[in-house]
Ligand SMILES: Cc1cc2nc3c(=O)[nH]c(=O)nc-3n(C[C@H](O)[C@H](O)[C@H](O)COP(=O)(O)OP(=O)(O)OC[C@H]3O[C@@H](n4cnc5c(N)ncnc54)[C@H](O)[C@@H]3O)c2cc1C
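Just one chain is shown here, as structure tokens, and it is the form predicted on its own.
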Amino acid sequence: MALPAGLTKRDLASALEEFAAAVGRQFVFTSDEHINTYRDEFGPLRGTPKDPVPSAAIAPGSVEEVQKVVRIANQYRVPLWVISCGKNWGYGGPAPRVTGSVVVDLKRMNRILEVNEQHAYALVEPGVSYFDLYRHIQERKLKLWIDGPVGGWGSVVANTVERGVGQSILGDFYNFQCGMEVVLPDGELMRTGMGAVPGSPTWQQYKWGFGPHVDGLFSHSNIGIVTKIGTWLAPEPPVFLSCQVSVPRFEDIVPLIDITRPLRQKNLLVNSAVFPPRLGRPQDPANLGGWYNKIGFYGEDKVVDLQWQHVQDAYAAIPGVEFKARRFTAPYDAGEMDAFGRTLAGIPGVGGYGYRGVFCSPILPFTGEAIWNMIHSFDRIYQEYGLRYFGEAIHIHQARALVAPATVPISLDDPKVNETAVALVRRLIVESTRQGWGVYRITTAFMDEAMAAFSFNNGALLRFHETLKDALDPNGILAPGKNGIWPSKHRGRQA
């Protein structure tokens, strides 16, 4: 069993006994078979001495049990790493940053506490997946839409606090959260926003509460465990158009993005758009092919037709552009939609199986020039390692910036491939920093390098994070090292 630094086998055994008393012995997992499921299956450090292997995993079933777990961890100084029901492929899987951490698996906390059709919101626990929430709404025939990520098994809570994205009208998940319940690092329970008023009827209807807005402190965070979250839903539109704009040449990504930007800013395009290459991952660098843009229109019959016509007129400036569209009307039958349409309708999917790689996802200005320059600068680096970068997919969080994921392949059985992946990702971070691009997310193995790019005024932002960490988590037990934020006992000797 892997031991956390500074703990004896006896201390860890005592802590595990107390965890068992708190959550039930059957929900404390220590066998090698169990531990393997809490490692990063597709991580570049797998099988190396730096692979952060957990010592155990525990699965609390209630908020009260989470509080007990946190208090026991403080008593014994046991580092915790919190996950829920998703896969997190490409960003570190379920694995912690510190070897010997105890993984707190929240998948048993899977209650949908409320879905309000009148005010279009849901209140859920971390073990609720997008599949769960979608089925709940469909079974009750509620006229509400969610927005699901590529992998519908993902947790609504986790995708929200990690700022995940979908591709429909609620694609920027964090932007549509409203109200959290959080277990703080000392075991204290807090509700944010209007939830701090006992019996408030507007906890999931008004974000801000009274005083400083603190919800963001628990996003990409290691100073709290989110045990409930409110998420806004969308009223079912009477008409939905599933549309595609295709351009034939690789260089057409520039006008495609530059035409899209003002359409997004004017809210003529409202879904979280994706720009994948038409050829997927082409193998012939001389035949890179074009791109396409997935667009959804939602609303009244005549309105969506006018919007689609206006958008086609705008893109018609690109030679060789092609358009496709399919119309659907309420009540919707997902079986009539292809995978493309279901994605734009916010229906959770099953994409991502078998993915083997890691992501480095910088944020760029919303311009074709920025993307074009990034593609070529990244491709030059990829070629140094015998690979090619094709741009693959450009995700839009909102109308003023782009998320540009770079994917780097790894191997389950070839250490040299993974050594290359580690070196390549580090080069991408260096290049991104040189260009002034911070990352949106990155796999856990590279969180320190990613945070180092946020260095304005001698790293004032990180020092602020560290001040909060030390004040709220003086024993440094909650997710040490997440997003490059370490407690004082680890600083200078990071795992």
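Being a predicted model, the structure only gives us computed values, none of them experimental. For every residue, the number given is its place in the sequence shown, counted from 1.
Unshown form predicted together with the named molecule; subsequent notes refer to it.
Within 4.5 Å of the named molecule in the predicted complex, a heavy atom is found for all three of I83, K87 and E162. This chain is displayed alone, yet in the predicted complex one of V157, I295, C360, V78 has a heavy atom within 4.5 Å of the named molecule; that residue is V157. Contact annotation: of the candidates F176, Y91, F378, F366, the single residue with a non-hydrogen atom within 4.5 angstroms of the named molecule in the predicted complex is Y91. Although the partner is absent here, V226 is a contact residue: one of its heavy atoms lies within 4.5 angstroms of the named molecule in the predicted complex. Remark: G230 does not count among the residues lining the named molecule in the predicted complex, judged by a heavy atom distance of 4.5 Å or less. The named molecule is not shown here, but in the predicted complex it comes within 4.5 Å of a heavy atom of L106. Put simply, G290 is far from the named molecule in the predicted complex: not one heavy atom of it is within 4.5 Å.
Comment: 164-172 is the region of 164-172, 298-306, 419-427, 328-336 lying near the named molecule in the predicted complex, near meaning a non-hydrogen atom within 4.5 Å. The partner is not shown here, and in the predicted complex the stretch 442-469 never reaches within 4.5 angstroms of the named molecule through any heavy atom.
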